[in-house]
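Just the one chain here, the form predicted on its own, laid out as structure tokens.
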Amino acid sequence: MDHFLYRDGALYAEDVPVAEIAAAVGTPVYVYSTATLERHFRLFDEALDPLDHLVCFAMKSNSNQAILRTLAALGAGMDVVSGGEYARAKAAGVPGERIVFSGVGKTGSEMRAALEGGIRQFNVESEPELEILSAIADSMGVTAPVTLRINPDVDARTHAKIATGKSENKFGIPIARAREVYARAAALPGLEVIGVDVHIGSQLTELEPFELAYTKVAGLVELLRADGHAIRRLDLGGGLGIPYTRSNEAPPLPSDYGEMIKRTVGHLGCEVEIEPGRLISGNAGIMVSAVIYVKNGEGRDFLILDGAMNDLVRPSMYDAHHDIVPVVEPAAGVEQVPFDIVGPVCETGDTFARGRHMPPLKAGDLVAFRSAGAYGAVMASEYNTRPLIPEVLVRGDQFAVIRARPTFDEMISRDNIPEWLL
């Protein structure tokens, strides 16, 4: 469910007409719904009751300060994967004890910054990372809380580029070597081993892969405790998918996910962390774009938009589907015709959809890309010297620009000209 609905023939974001936002801010533009963000966070939080738990928002899906503050006010923790994301979480007012640091390539400087600013735990992914973290923490006279990310060799049955739990993926420590690596971690100075971490991928649309992975983790916890490790926390990652189409094939509900967690690991008495990103922010955002031209081609027609692959890269990178709807609701029974929906970037890859049936549209009409709140703005670039598009947050009948569109002068001024060219 989201809060982008038609009223009296116009698409609204909560209680604000989308066309009003576009007129005030320009297009393309990302628009987020506070009500949807809050609802989706609460669904996860309630799904884990009565377990001792923390829902950590995966910031890589959407790291705007306003989004982070909205979720932090509800008690969310943050899952960060870089020093920059850690700094953003702190700037949003999230205390260190609610920040989990994940990622396969943490640098020494990132580790030091997190230890200085406070951290809930490091999800460590390799033995070299353990050694570096131990040396830094020991030199600082502090103790770094760690979980080890275990690769359970489970097929997430998702897109190959976002699967992370198979043996050939770069992530985590093979489960067959887990006891050996835990023994090494326990012997290193400056570290406190507190738990186990697992994350098998993103946009999963069924629970079975999760259940297979979590069952393996439960068995590992029993073995690690027998080895003398005080395992008290389980980080179960994120990855639950969202419905990118309005079909009847919806991914599992957070409530079903929560029941599966209780069934597989609830008996262990561990505090449970989960790291949802897409399911909290994905359907909480749309990208609004305007039609520049309607072009009749040889055997196909094109809708050329002012939004492009640099603004929303998922269709180009992952062949991802986004529902695209007109901002003015089409009349009942109006004929839908197929269009290739494309952007203005000079690449054939700048294509959002092929043969997508749409009502008749003309230059200046607005369309909205649904389910664009996750991995949209955060993956945008300034390719072709196109400005990063603005982000807008709606709350009830109010809206605010939470990231402004830079001017060309602002973009160009970031370049430094060496003195021999002056």
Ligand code: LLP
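Residue indices: 1-based, along the sequence shown. Nothing here was measured: the structure is a model prediction, and the numbers come from that model.
This next part talks about the form predicted together with the named molecule, which is not shown.
Each of A58, G238 and Y375 comes within 4.5 Å of the named molecule in the predicted complex, counting any heavy atom.
S202 is the sole member of T147, N151, N283, S202 with a non-hydrogen atom within 4.5 Å of the named molecule in the predicted complex.
With the partner omitted here, the residue from G277, G172, G77, G343 that has a non-hydrogen atom within 4.5 angstroms of the named molecule in the predicted complex is G277. Although the partner is absent from this view, S289 stays clear of the named molecule in the predicted complex, with no non-hydrogen atom inside 4.5 angstroms. Proximity of Y318 to the named molecule in the predicted complex: non-hydrogen atoms within 4.5 Å are present.
The closest heavy atom approach of H229 to the named molecule in the predicted complex falls outside 4.5 Å.
The named molecule is not drawn, but in the predicted complex it has a heavy atom within 4.5 Å of R314. Only one listed stretch (130-138, 269-277, 90-98, 299-307) carries heavy atoms within 4.5 Å of the named molecule in the predicted complex, and that stretch is 269-277. Residue S102 is the only member of 82-103 with a non-hydrogen atom no more than 4.5 angstroms from the named molecule in the predicted complex.
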